[in-house]
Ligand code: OGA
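A single chain, nothing else alongside it, follows as structure tokens in the form predicted alone.
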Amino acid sequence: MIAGQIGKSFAAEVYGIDLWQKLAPDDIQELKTILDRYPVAVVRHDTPLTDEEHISFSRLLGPVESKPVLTTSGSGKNRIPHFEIIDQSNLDETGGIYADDDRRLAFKRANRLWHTDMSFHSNRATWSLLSAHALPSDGGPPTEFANMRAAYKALPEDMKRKIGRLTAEHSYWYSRVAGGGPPATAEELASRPPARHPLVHERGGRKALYVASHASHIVEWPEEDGRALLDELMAFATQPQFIYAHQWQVGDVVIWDNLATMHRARPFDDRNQIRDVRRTTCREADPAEAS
């Protein structure tokens, strides 16, 4: 297994690994070592993984959720019959492009904000694995990643002292509205209450910022002051020197560390072009035991 750094970024392309094959424990540990150094890793395949292969490999990296983590009011059946797969496409349960007034599409468009997966849950995400099945005719927009360890390291010392003991509250529904979606229903709010996490934590022995569009406010701060601080940190962490933009090809699997990065999707013509990408998400603890 070889990891080749992509340009001068914090991402790497990994060679000598096929994710549809069951890897030995030593191979998994080698991959985790690569992910500690390069928190975004690209593995290319000629054809997309099947959903079963995608799930099977993800479980080698850590526990994977096997039931829904929230409810979207009025939604139809899942297009993909595996709860482990989070469908990030613009396709409904019939395989057609979402109607423009479908609230699921509005919520998916909020993924264009900088975020880290599952920060709205007390059992946070570690690695996410996104697999490309179909892309717009031009390949579609990149997915952008921000290096949150490098961003923290570059912060002024007075800011590091200021945020070192602060906690933010993260809400899925806050970010959906911030991204242009409709207000959450009572059913939706009850299905996924907010979670609280420190603004700074350690990942791989190095400190990292832990902020995202899900972060609504700073606990025990006036709302306006907390929002201003979060906006300042987000702007700092998403400067060009901290960004890697991945240009997709069908068959790509991109693995990233949610505890060391943020990411965002970029806009495309989601009313006329199909973009079928599917995600699994590993968690800090076994969801069955942590729930």
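Here the structure is a predicted model, which means the values were calculated and not measured. Throughout, we count residues from 1 along the sequence that is shown.
Below, we turn to the form predicted together with this ligand, even though it does not appear here.
Student: So, residue 265 and this ligand: in the predicted bound form, are they within 4.5 Å at any heavy atom pair?
Tutor: Yes, residue 265 is a contact residue.
Student: Taking this ligand as it sits in the predicted bound form, is residue 277 near enough to touch it, meaning that at least one heavy atom pair lies within 4.5 angstroms?
Tutor: Taking the distances in the predicted bound form, the answer for residue 277 is yes, it comes within 4.5 Å of this ligand.
Student: Residue 115 versus this ligand, in the predicted bound form: is there a non-hydrogen atom within 4.5 Å?
Tutor: So residue 115 counts as contacting this ligand.
Student: Is there any non-hydrogen atom of residue 213 lying within 4.5 Å of this ligand in the predicted bound form?
Tutor: No - in the predicted bound form, heavy atoms of residue 213 and this ligand never come within 4.5 Å of each other.
Student: Which among 115 to 123, 164 to 172, 202 to 210, 96 to 104 is in contact with this ligand in the predicted bound form, heavy atoms within 4.5 angstroms?
Tutor: Looking at the partner contacts, the answer comes out as 115 to 123.
Student: Only one of 85, 130, 184, 146 has a non-hydrogen atom within 4.5 angstroms of this ligand in the predicted bound form; which is it?
Tutor: It is 130.
Student: Which of the residues spanning 190 to 213 lie within 4.5 Å of this ligand in the predicted bound form, based on heavy atoms?
Tutor: Heavy-atom contacts within 4.5 Å come from no residue here.
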